[in-house]
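In the form predicted on its own, a lone chain appears below as C-alpha coordinates.
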Amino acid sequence: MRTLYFNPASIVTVDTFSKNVKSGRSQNELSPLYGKSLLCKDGLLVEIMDNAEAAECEVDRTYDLSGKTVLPGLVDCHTHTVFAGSRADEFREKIAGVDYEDIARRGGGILSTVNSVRKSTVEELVEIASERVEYFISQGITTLEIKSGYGLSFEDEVKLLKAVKILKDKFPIDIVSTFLGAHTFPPEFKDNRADYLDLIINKMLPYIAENNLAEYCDAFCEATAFTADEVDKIFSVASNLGFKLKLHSEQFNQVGGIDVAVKHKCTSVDHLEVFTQDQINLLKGNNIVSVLLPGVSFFLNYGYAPARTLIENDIPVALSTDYNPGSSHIANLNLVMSLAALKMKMTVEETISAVTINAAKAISREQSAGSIEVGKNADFAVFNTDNYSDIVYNVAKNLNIMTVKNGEVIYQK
(Lines give C-alpha, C1' and ligand atoms only; values in the text may rest on other atoms or scores of the structure.)
Protein backbone atom coordinates (compact mmCIF):
# COMPACT_ATOMS: atom_id res chain seq x y z
CA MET A 1 0.00 0.00 0.00
CA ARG A 2 1.49 3.31 -1.14
CA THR A 3 0.13 6.30 0.75
CA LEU A 4 0.91 9.94 0.03
CA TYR A 5 0.67 12.71 2.58
CA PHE A 6 0.49 15.62 0.18
CA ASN A 7 1.43 19.29 0.33
CA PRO A 8 1.64 20.18 4.04
CA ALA A 9 2.63 23.76 4.84
CA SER A 10 5.77 22.37 6.45
CA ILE A 11 7.33 19.07 7.46
CA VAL A 12 9.23 19.47 10.72
CA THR A 13 11.63 16.59 10.26
CA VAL A 14 13.67 16.86 13.49
CA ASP A 15 16.29 15.27 11.24
CA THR A 16 19.25 13.92 13.20
CA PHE A 17 21.39 13.14 10.17
CA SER A 18 21.67 9.55 11.41
CA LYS A 19 22.71 10.47 14.97
CA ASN A 20 19.24 9.63 16.36
CA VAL A 21 19.54 12.08 19.25
CA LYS A 22 19.86 15.84 19.72
CA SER A 23 21.90 17.60 22.36
CA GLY A 24 23.40 21.04 22.86
CA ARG A 25 22.95 23.27 19.84
CA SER A 26 21.50 20.52 17.70
CA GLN A 27 18.48 20.24 20.02
CA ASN A 28 17.49 23.66 18.69
CA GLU A 29 17.57 22.52 15.03
CA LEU A 30 14.41 21.02 13.47
CA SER A 31 15.24 21.09 9.72
CA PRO A 32 11.71 21.97 8.48
CA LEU A 33 10.93 21.31 4.82
CA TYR A 34 8.58 23.26 2.56
CA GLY A 35 6.94 22.31 -0.71
CA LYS A 36 7.39 18.61 0.02
CA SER A 37 5.19 15.52 0.43
CA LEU A 38 5.68 12.20 2.23
CA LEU A 39 5.41 8.84 0.48
CA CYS A 40 4.87 5.80 2.70
CA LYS A 41 4.89 2.09 1.94
CA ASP A 42 4.63 -0.97 4.17
CA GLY A 43 4.68 1.15 7.30
CA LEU A 44 7.86 3.06 6.44
CA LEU A 45 8.65 6.48 5.04
CA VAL A 46 10.17 5.68 1.65
CA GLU A 47 10.56 9.11 0.07
CA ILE A 48 10.30 12.83 0.74
CA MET A 49 9.48 14.35 -2.65
CA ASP A 50 8.75 17.71 -4.22
CA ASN A 51 5.04 18.46 -4.47
CA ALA A 52 5.20 18.67 -8.26
CA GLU A 53 6.62 15.16 -8.42
CA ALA A 54 4.17 13.93 -5.79
CA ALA A 55 1.22 15.20 -7.80
CA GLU A 56 2.21 12.81 -10.61
CA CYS A 57 3.02 9.88 -8.36
CA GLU A 58 0.91 6.72 -8.56
CA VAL A 59 -0.36 5.85 -5.08
CA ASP A 60 -3.20 3.94 -3.47
CA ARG A 61 -4.30 6.76 -1.17
CA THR A 62 -3.67 10.47 -0.82
CA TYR A 63 -4.26 12.71 2.17
CA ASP A 64 -4.26 16.43 1.36
CA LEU A 65 -2.52 18.25 4.22
CA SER A 66 -2.58 21.75 2.72
CA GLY A 67 -2.06 24.39 5.38
CA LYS A 68 -1.07 21.84 8.02
CA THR A 69 2.18 21.18 9.89
CA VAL A 70 3.58 17.66 10.13
CA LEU A 71 5.77 16.57 13.03
CA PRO A 72 7.17 13.15 13.82
CA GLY A 73 4.74 11.11 15.89
CA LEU A 74 5.07 12.38 19.44
CA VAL A 75 6.61 10.21 22.15
CA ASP A 76 5.52 10.21 25.80
CA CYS A 77 8.42 8.40 27.44
CA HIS A 78 7.47 8.42 31.13
CA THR A 79 3.92 7.62 32.26
CA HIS A 80 2.05 5.65 34.91
CA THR A 81 -1.05 5.29 32.74
CA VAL A 82 -2.41 2.08 34.31
CA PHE A 83 -3.84 2.81 37.74
CA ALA A 84 -7.16 2.77 39.56
CA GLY A 85 -8.83 5.05 42.08
CA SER A 86 -8.68 8.80 42.69
CA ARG A 87 -6.51 10.99 44.86
CA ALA A 88 -8.68 14.07 44.61
CA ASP A 89 -8.86 14.37 48.40
CA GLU A 90 -5.06 14.49 48.59
CA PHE A 91 -5.16 17.19 45.94
CA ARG A 92 -7.34 19.24 48.29
CA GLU A 93 -4.68 18.81 50.99
CA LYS A 94 -1.85 19.77 48.69
CA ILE A 95 -3.47 23.01 47.60
CA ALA A 96 -4.06 23.74 51.28
CA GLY A 97 -0.30 23.50 51.82
CA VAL A 98 0.35 19.91 52.94
CA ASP A 99 3.70 18.67 51.59
CA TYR A 100 3.69 15.75 49.11
CA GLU A 101 6.32 13.87 51.11
CA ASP A 102 4.30 14.31 54.32
CA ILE A 103 1.29 12.74 52.61
CA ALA A 104 3.46 9.82 51.50
CA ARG A 105 4.95 9.27 54.98
CA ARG A 106 1.52 8.76 56.59
CA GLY A 107 0.42 6.15 54.07
CA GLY A 108 -1.09 8.35 51.37
CA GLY A 109 0.36 9.09 47.99
CA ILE A 110 1.51 6.03 46.08
CA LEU A 111 0.15 3.66 48.74
CA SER A 112 -3.35 5.07 48.31
CA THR A 113 -3.28 4.10 44.64
CA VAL A 114 -1.76 0.72 45.55
CA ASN A 115 -4.86 -0.08 47.60
CA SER A 116 -7.13 0.72 44.64
CA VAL A 117 -5.04 -1.30 42.18
CA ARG A 118 -4.97 -4.33 44.46
CA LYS A 119 -8.78 -4.33 44.47
CA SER A 120 -8.98 -4.17 40.66
CA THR A 121 -8.89 -6.97 38.09
CA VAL A 122 -6.75 -6.99 34.97
CA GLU A 123 -9.88 -6.42 32.90
CA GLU A 124 -10.92 -3.42 34.99
CA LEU A 125 -7.47 -1.88 34.71
CA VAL A 126 -7.48 -2.33 30.92
CA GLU A 127 -10.90 -0.70 30.66
CA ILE A 128 -9.84 2.25 32.81
CA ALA A 129 -6.56 2.76 30.95
CA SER A 130 -7.97 2.36 27.43
CA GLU A 131 -9.67 5.75 27.52
CA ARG A 132 -6.39 7.32 28.61
CA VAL A 133 -4.47 5.70 25.74
CA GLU A 134 -7.08 6.94 23.28
CA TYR A 135 -6.58 10.45 24.62
CA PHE A 136 -2.82 10.18 24.13
CA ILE A 137 -3.37 9.04 20.53
CA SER A 138 -5.64 12.03 19.88
CA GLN A 139 -2.69 14.31 20.73
CA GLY A 140 -0.46 12.80 18.05
CA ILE A 141 1.35 10.39 20.37
CA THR A 142 2.46 7.26 18.52
CA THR A 143 4.86 5.83 21.12
CA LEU A 144 3.95 5.57 24.82
CA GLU A 145 5.84 4.23 27.82
CA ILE A 146 3.76 2.75 30.69
CA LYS A 147 5.15 1.72 34.08
CA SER A 148 3.87 -0.63 36.73
CA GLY A 149 4.58 0.35 40.34
CA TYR A 150 1.13 0.58 41.91
CA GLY A 151 0.90 -3.10 42.87
CA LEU A 152 3.98 -3.58 45.07
CA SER A 153 3.35 -7.29 45.46
CA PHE A 154 4.26 -10.13 43.13
CA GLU A 155 0.66 -10.76 42.07
CA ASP A 156 -0.29 -7.12 41.66
CA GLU A 157 2.83 -6.00 39.79
CA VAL A 158 2.33 -8.91 37.39
CA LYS A 159 -1.33 -7.90 37.08
CA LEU A 160 -0.37 -4.36 36.06
CA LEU A 161 2.14 -5.59 33.49
CA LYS A 162 -0.41 -8.01 32.06
CA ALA A 163 -2.78 -5.08 31.66
CA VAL A 164 -0.06 -3.17 29.80
CA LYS A 165 0.53 -6.18 27.55
CA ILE A 166 -3.18 -6.29 26.66
CA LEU A 167 -3.08 -2.57 25.85
CA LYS A 168 -0.09 -3.20 23.56
CA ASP A 169 -2.15 -5.72 21.61
CA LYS A 170 -5.28 -3.59 21.66
CA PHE A 171 -3.89 -0.32 20.29
CA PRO A 172 -1.89 0.37 17.11
CA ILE A 173 0.73 2.57 18.76
CA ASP A 174 4.01 1.32 20.24
CA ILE A 175 3.65 0.82 23.99
CA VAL A 176 6.84 0.27 25.98
CA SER A 177 6.41 -1.64 29.24
CA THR A 178 8.46 -0.80 32.33
CA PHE A 179 8.60 -2.69 35.64
CA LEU A 180 8.64 -0.29 38.60
CA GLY A 181 8.23 -2.63 41.54
CA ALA A 182 10.84 -0.45 43.28
CA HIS A 183 8.44 2.50 43.45
CA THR A 184 8.14 2.55 47.23
CA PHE A 185 7.93 0.02 50.05
CA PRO A 186 4.48 -1.52 50.56
CA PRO A 187 2.96 -1.27 54.05
CA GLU A 188 3.45 -4.97 54.79
CA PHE A 189 7.22 -4.49 54.31
CA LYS A 190 7.48 -1.08 55.97
CA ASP A 191 9.70 -2.45 58.75
CA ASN A 192 11.39 -5.12 56.68
CA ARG A 193 12.97 -3.53 53.64
CA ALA A 194 15.36 -6.43 53.06
CA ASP A 195 12.53 -8.88 52.46
CA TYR A 196 10.86 -6.64 49.89
CA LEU A 197 14.18 -6.23 48.07
CA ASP A 198 14.50 -10.01 48.11
CA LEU A 199 11.00 -10.32 46.63
CA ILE A 200 11.87 -7.93 43.79
CA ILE A 201 15.25 -9.50 43.07
CA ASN A 202 14.51 -13.19 43.46
CA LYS A 203 10.87 -13.50 42.42
CA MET A 204 9.50 -10.49 40.54
CA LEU A 205 12.40 -9.81 38.20
CA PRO A 206 13.02 -13.44 37.13
CA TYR A 207 9.30 -14.07 36.48
CA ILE A 208 8.79 -10.84 34.55
CA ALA A 209 11.89 -11.51 32.45
CA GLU A 210 10.92 -15.11 31.74
CA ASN A 211 7.41 -14.09 30.67
CA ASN A 212 8.55 -11.05 28.67
CA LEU A 213 6.27 -8.69 30.58
CA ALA A 214 8.58 -5.66 30.62
CA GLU A 215 11.42 -4.25 28.55
CA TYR A 216 12.69 -1.86 31.22
CA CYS A 217 13.33 -1.96 34.94
CA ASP A 218 12.92 1.36 36.76
CA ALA A 219 13.34 2.43 40.39
CA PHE A 220 12.54 5.47 42.52
CA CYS A 221 15.75 6.56 44.23
CA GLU A 222 14.54 8.97 46.90
CA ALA A 223 14.58 9.60 50.65
CA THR A 224 11.01 8.29 50.97
CA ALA A 225 11.63 5.35 48.62
CA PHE A 226 14.82 3.38 47.73
CA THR A 227 18.41 4.19 48.61
CA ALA A 228 21.17 4.24 46.02
CA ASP A 229 22.59 1.00 47.45
CA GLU A 230 19.18 -0.71 47.19
CA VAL A 231 18.76 0.43 43.60
CA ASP A 232 22.27 -0.75 42.80
CA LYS A 233 21.36 -4.26 43.97
CA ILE A 234 18.13 -4.29 41.95
CA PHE A 235 19.81 -2.98 38.81
CA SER A 236 22.65 -5.49 39.01
CA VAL A 237 20.16 -8.35 38.87
CA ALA A 238 17.87 -6.67 36.35
CA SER A 239 20.75 -5.99 33.97
CA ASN A 240 21.89 -9.60 34.14
CA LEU A 241 18.35 -10.71 33.29
CA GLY A 242 18.36 -8.56 30.14
CA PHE A 243 16.31 -5.56 31.28
CA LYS A 244 17.18 -2.09 30.06
CA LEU A 245 17.32 0.43 32.90
CA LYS A 246 15.73 3.77 33.77
CA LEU A 247 15.81 5.69 37.03
CA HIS A 248 13.63 8.19 38.90
CA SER A 249 16.14 10.37 40.76
CA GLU A 250 16.90 13.78 42.26
CA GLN A 251 13.23 14.77 42.56
CA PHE A 252 13.22 16.00 46.15
CA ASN A 253 16.60 14.98 47.54
CA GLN A 254 20.11 14.11 46.36
CA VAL A 255 20.70 10.55 47.47
CA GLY A 256 23.30 9.22 45.04
CA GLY A 257 21.02 8.11 42.23
CA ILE A 258 23.10 9.63 39.44
CA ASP A 259 26.14 7.58 40.43
CA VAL A 260 24.01 4.43 40.16
CA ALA A 261 22.57 5.51 36.79
CA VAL A 262 26.05 6.10 35.37
CA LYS A 263 27.40 2.85 36.82
CA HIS A 264 24.62 0.80 35.22
CA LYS A 265 24.46 2.78 31.97
CA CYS A 266 20.80 3.68 32.30
CA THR A 267 18.98 4.75 29.17
CA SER A 268 17.55 7.73 31.03
CA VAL A 269 17.40 9.50 34.37
CA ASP A 270 14.06 11.15 35.06
CA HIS A 271 12.95 14.12 37.22
CA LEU A 272 16.19 15.95 38.24
CA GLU A 273 14.36 18.85 39.88
CA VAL A 274 17.19 19.20 42.44
CA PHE A 275 20.03 18.54 40.01
CA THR A 276 23.37 20.30 40.60
CA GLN A 277 26.34 21.14 38.41
CA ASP A 278 28.42 18.42 40.09
CA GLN A 279 25.83 15.84 39.09
CA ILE A 280 25.63 17.26 35.60
CA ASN A 281 29.38 16.73 35.34
CA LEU A 282 28.82 13.07 36.28
CA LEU A 283 26.20 12.69 33.56
CA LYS A 284 28.11 14.38 30.73
CA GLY A 285 29.39 12.11 28.00
CA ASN A 286 27.50 9.03 29.23
CA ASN A 287 24.82 8.90 26.51
CA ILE A 288 22.05 9.10 29.12
CA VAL A 289 18.92 11.12 28.34
CA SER A 290 17.60 13.50 30.98
CA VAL A 291 13.81 13.17 31.02
CA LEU A 292 12.32 16.30 32.56
CA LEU A 293 8.78 16.39 33.92
CA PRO A 294 7.60 20.00 34.29
CA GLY A 295 4.03 18.84 34.87
CA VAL A 296 5.18 17.54 38.27
CA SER A 297 6.69 20.89 39.20
CA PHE A 298 3.51 22.64 38.08
CA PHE A 299 1.19 20.21 39.87
CA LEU A 300 3.18 20.22 43.13
CA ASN A 301 4.08 23.92 42.92
CA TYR A 302 7.71 22.88 43.12
CA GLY A 303 11.00 23.89 41.51
CA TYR A 304 11.69 23.04 37.86
CA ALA A 305 14.61 20.99 36.56
CA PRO A 306 17.58 22.97 35.12
CA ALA A 307 16.82 22.39 31.44
CA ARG A 308 18.98 25.26 30.18
CA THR A 309 22.04 24.09 32.09
CA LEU A 310 21.59 20.52 30.87
CA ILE A 311 21.30 21.65 27.25
CA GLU A 312 24.28 23.98 27.60
CA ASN A 313 26.28 21.00 28.92
CA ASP A 314 25.43 18.98 25.80
CA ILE A 315 23.15 16.52 27.61
CA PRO A 316 20.08 15.42 25.60
CA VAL A 317 16.85 16.58 27.22
CA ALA A 318 13.50 14.86 26.75
CA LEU A 319 10.09 15.87 28.11
CA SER A 320 7.21 13.73 29.29
CA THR A 321 3.90 14.06 31.11
CA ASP A 322 4.67 11.65 33.98
CA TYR A 323 0.91 11.10 33.91
CA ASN A 324 -0.02 9.62 37.30
CA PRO A 325 -2.71 10.07 39.95
CA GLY A 326 -0.62 11.88 42.54
CA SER A 327 2.21 14.15 41.48
CA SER A 328 1.24 14.92 37.86
CA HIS A 329 -2.38 14.20 37.07
CA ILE A 330 -1.71 15.68 33.65
CA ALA A 331 -2.19 13.68 30.45
CA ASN A 332 -1.82 16.72 28.18
CA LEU A 333 1.59 16.67 26.50
CA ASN A 334 0.90 20.06 24.92
CA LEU A 335 0.64 21.62 28.39
CA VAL A 336 3.97 20.02 29.32
CA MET A 337 5.57 21.47 26.19
CA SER A 338 4.30 24.95 27.02
CA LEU A 339 5.49 24.66 30.62
CA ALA A 340 8.94 23.70 29.38
CA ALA A 341 9.08 26.84 27.28
CA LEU A 342 7.59 29.19 29.86
CA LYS A 343 9.09 27.84 33.07
CA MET A 344 12.32 26.11 31.99
CA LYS A 345 13.19 28.58 29.21
CA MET A 346 13.45 25.97 26.49
CA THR A 347 13.03 27.24 22.94
CA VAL A 348 10.15 26.02 20.80
CA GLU A 349 12.62 23.99 18.77
CA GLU A 350 14.27 22.43 21.83
CA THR A 351 10.84 21.56 23.18
CA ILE A 352 9.76 19.80 19.99
CA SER A 353 13.04 17.85 19.87
CA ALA A 354 12.39 16.83 23.48
CA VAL A 355 9.00 15.20 22.74
CA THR A 356 10.15 13.51 19.53
CA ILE A 357 13.66 12.20 18.94
CA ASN A 358 15.03 12.61 22.48
CA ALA A 359 11.93 11.06 24.03
CA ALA A 360 12.34 8.18 21.58
CA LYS A 361 15.98 7.84 22.62
CA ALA A 362 14.87 7.68 26.27
CA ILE A 363 12.99 4.44 25.55
CA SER A 364 15.33 2.98 22.90
CA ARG A 365 13.08 3.76 19.94
CA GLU A 366 15.37 6.29 18.26
CA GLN A 367 16.26 3.94 15.39
CA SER A 368 12.65 3.68 14.24
CA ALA A 369 10.79 6.72 15.61
CA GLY A 370 11.19 10.30 16.78
CA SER A 371 12.14 11.95 13.48
CA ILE A 372 10.93 12.09 9.89
CA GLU A 373 13.74 10.34 8.04
CA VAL A 374 13.57 7.93 5.12
CA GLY A 375 13.63 4.35 6.35
CA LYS A 376 12.07 5.09 9.72
CA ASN A 377 8.50 4.24 10.68
CA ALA A 378 5.93 6.47 9.00
CA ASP A 379 4.77 7.96 12.30
CA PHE A 380 3.38 11.50 12.03
CA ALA A 381 1.34 14.02 13.98
CA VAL A 382 -0.54 16.53 11.80
CA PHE A 383 -1.38 19.89 13.34
CA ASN A 384 -3.98 22.41 12.24
CA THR A 385 -1.57 25.29 11.77
CA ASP A 386 0.97 26.46 9.22
CA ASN A 387 3.37 27.62 11.96
CA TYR A 388 4.93 25.00 14.25
CA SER A 389 5.39 27.58 17.02
CA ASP A 390 1.61 27.48 17.46
CA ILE A 391 1.92 23.99 18.92
CA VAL A 392 3.78 25.32 21.97
CA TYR A 393 2.17 28.77 21.98
CA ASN A 394 -1.38 27.40 22.34
CA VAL A 395 -1.11 26.35 25.97
CA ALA A 396 -2.95 23.07 26.70
CA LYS A 397 -4.81 23.27 23.38
CA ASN A 398 -4.61 20.18 21.21
CA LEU A 399 -4.04 21.26 17.60
CA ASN A 400 -3.46 17.70 16.38
CA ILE A 401 -6.03 16.69 13.76
CA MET A 402 -4.48 13.46 12.48
CA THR A 403 -2.30 10.76 14.01
CA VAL A 404 -0.46 8.44 11.61
CA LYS A 405 1.17 5.22 12.79
CA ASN A 406 3.19 3.08 10.37
CA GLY A 407 1.68 5.00 7.48
CA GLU A 408 -1.94 4.39 8.59
CA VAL A 409 -4.28 7.07 9.92
CA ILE A 410 -5.27 5.89 13.41
CA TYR A 411 -6.95 9.12 14.54
CA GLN A 412 -8.60 11.89 12.60
CA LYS A 413 -10.48 14.82 14.04
Ligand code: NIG
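Residue indices: 1-based, along the sequence shown. Worth saying up front: this structure is predicted, and the values here are computed from it rather than measured.
There is another form of this protein, the form predicted in complex with N-(iminomethyl)-L-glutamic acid, and it is not shown here; the text below is about that form.
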Mind checking whether each of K165, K168 and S320 has a heavy atom within 4.5 Å of N-(iminomethyl)-L-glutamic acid in the predicted bound form?
no
Go through 324-332, 303-311, 234-242, 121-129 and give me the stretch that gets within 4.5 Å of N-(iminomethyl)-L-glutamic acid in the predicted bound form, heavy atoms only.
324-332
Though only this chain appears here, would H248 touch N-(iminomethyl)-L-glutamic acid in the predicted bound form if you measure heavy atom gaps against 4.5 Å?
yes
Spell out, yes or no, whether the shortest heavy atom distance between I200 and N-(iminomethyl)-L-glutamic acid in the predicted bound form is within 4.5 Å.
no
With a 4.5 Å heavy atom cut-off, would you call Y196 a contact of N-(iminomethyl)-L-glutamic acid in the predicted bound form?
no
Is there a heavy atom of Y150 no more than 4.5 Å from a heavy atom of N-(iminomethyl)-L-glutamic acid in the predicted bound form?
yes
Could you tell me which one of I208, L339, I137, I110 places a heavy atom within 4.5 Å of N-(iminomethyl)-L-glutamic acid in the predicted bound form?
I110
Single option in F275, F185, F220, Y216 placed near N-(iminomethyl)-L-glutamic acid in the predicted bound form, where near means a heavy atom within 4.5 Å:
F220
Who in 76-98 is close to N-(iminomethyl)-L-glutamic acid in the predicted bound form, meaning a heavy atom within 4.5 Å?
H78, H80, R87
